[in-house]
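Starting off, we have a lone chain in the form predicted on its own, written out as structure tokens.
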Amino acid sequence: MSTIRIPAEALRSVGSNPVITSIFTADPSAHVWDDGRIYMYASHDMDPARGCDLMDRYHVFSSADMVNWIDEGEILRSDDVAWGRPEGGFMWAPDAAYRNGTYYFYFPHPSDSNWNDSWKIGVATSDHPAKGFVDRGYIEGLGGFAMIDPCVFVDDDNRAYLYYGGGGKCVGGELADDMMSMKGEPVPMETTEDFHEAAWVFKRNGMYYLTYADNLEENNRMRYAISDNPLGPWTYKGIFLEPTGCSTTHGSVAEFKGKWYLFYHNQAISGQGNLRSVCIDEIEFNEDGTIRTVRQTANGLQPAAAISAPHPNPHRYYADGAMTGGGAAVSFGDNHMPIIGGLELEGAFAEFGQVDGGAAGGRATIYVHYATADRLAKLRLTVNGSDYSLLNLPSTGSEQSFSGCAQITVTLRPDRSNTVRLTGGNGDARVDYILVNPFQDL
């Protein structure tokens, strides 16, 4: 388990939606594990967008209070899947499960260049909830045309069930003890009106709920059905999430510290349906167990627990190397104070050398403190020459207000042998410094 803590400068006392802003994420699958934290497994919309075929690099996020989220890092990408589509990409909506000491990560992925006819349900395993996952192959006999979006529900009696589907068809069945094969053939989930994709099953007060996305054109909604059996038959109950403004809808439901929450995505940051961002709002139930329509908010949540104590000594770095791009100066104060030039032209960069990865190296969260007057600026992050992502930098209101903080978790080499580079070309972003917070992994 990780004992990473959030630096004081990055802590938030209230929430906001979307909750993950530094990179584009979608299809959140939320679970509370034995360490008491809530973990969110999300797909990643790669930027610049080319469509859903480019989706790759699953990330995990965790929180102790529902407001402050740590990027636990990337756990799997298409390059790690030996049986997968040669061209990669197509790492769509995942899920995770825990059973008998092992964490299981389930993901849909094609096995052939003819992607929509060759979907499989892949499985990766680990002894930890957010690191060390290794691909173990796929569940034999499952998949086929448009059959995606796995969901795994482990019942109170420790029996596990897998649900998946797309293109109007949803099936489910019991998993075998190995969590990688089925007990018999999956059966159709009947009485799910207007099913499109994104099956999710949870249990509350002895009642089973099946939620899913419908077929509303260009703006799916979320519907649900209930049953007294994990495999149905199901009784359709209605719509509980209206359109989010995004052309797709996908979500999960989880209980945390006595309250229930809906995890979903919208396009509020990007304005593009293939660059999505995870949101969370509270979900409420009527006395008869039916779900009230979820109120989508921009303000987000209040903390569900005491705010995490800050890490006592994250390392702070100022840029020690930079160059100009097309005549745009990247300059420094006499005491390595804020970078006061823009990184707005292609080729301009700020470099941070001798970054300490700790004695053993491994995961570390990088916090980029910045200012921008642009609605959404972006910086490309490379670490030791490896391209991690474009980081989103929402507006701080002015070029002098260094109140912005973007974060992402990367892998560092041991000791002071690491180089971090931020490259511009997507708006005018001004960087004050970076914090590097190595994980204290157990």
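Here the structure is a predicted model, which is why all the values come from computation and not from measurement. One rule holds for the numbers: they count along the sequence shown, beginning at 1.
The same protein also has a form predicted together with a small molecule, omitted here; what follows describes it.
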>> Using a 4.5 Å heavy atom cut-off, which residue among M55, A377, L412, I38 comes into contact with the small molecule in the model of the complex?
In response: M55
>> Just to be sure I understand the contacts: of A198, V152, V278, L241, which is the one whose heavy atoms reach within 4.5 angstroms of the small molecule in the model of the complex?
In response: A198
> Pick from 137-145, 247-255, 361-369, 70-78: which stretch has a heavy atom within 4.5 Å of the small molecule in the model of the complex?
Replying inline: 247-255
>> Please tell me whether any heavy atom belonging to S43 falls inside 4.5 Å of a heavy atom of the small molecule, as the geometry stands in the model of the complex.
In response: yes
> Is there any non-hydrogen atom of F352 lying within 4.5 Å of the small molecule in the model of the complex?
Replying inline: no
>> If we define contact as a non-hydrogen atom of the residue within 4.5 angstroms of the partner, is H265 a contact of the small molecule in the model of the complex?
In response: yes
>> Considering non-hydrogen atoms and a 4.5 Å limit, does the small molecule approach Y209 in the model of the complex?
In response: no
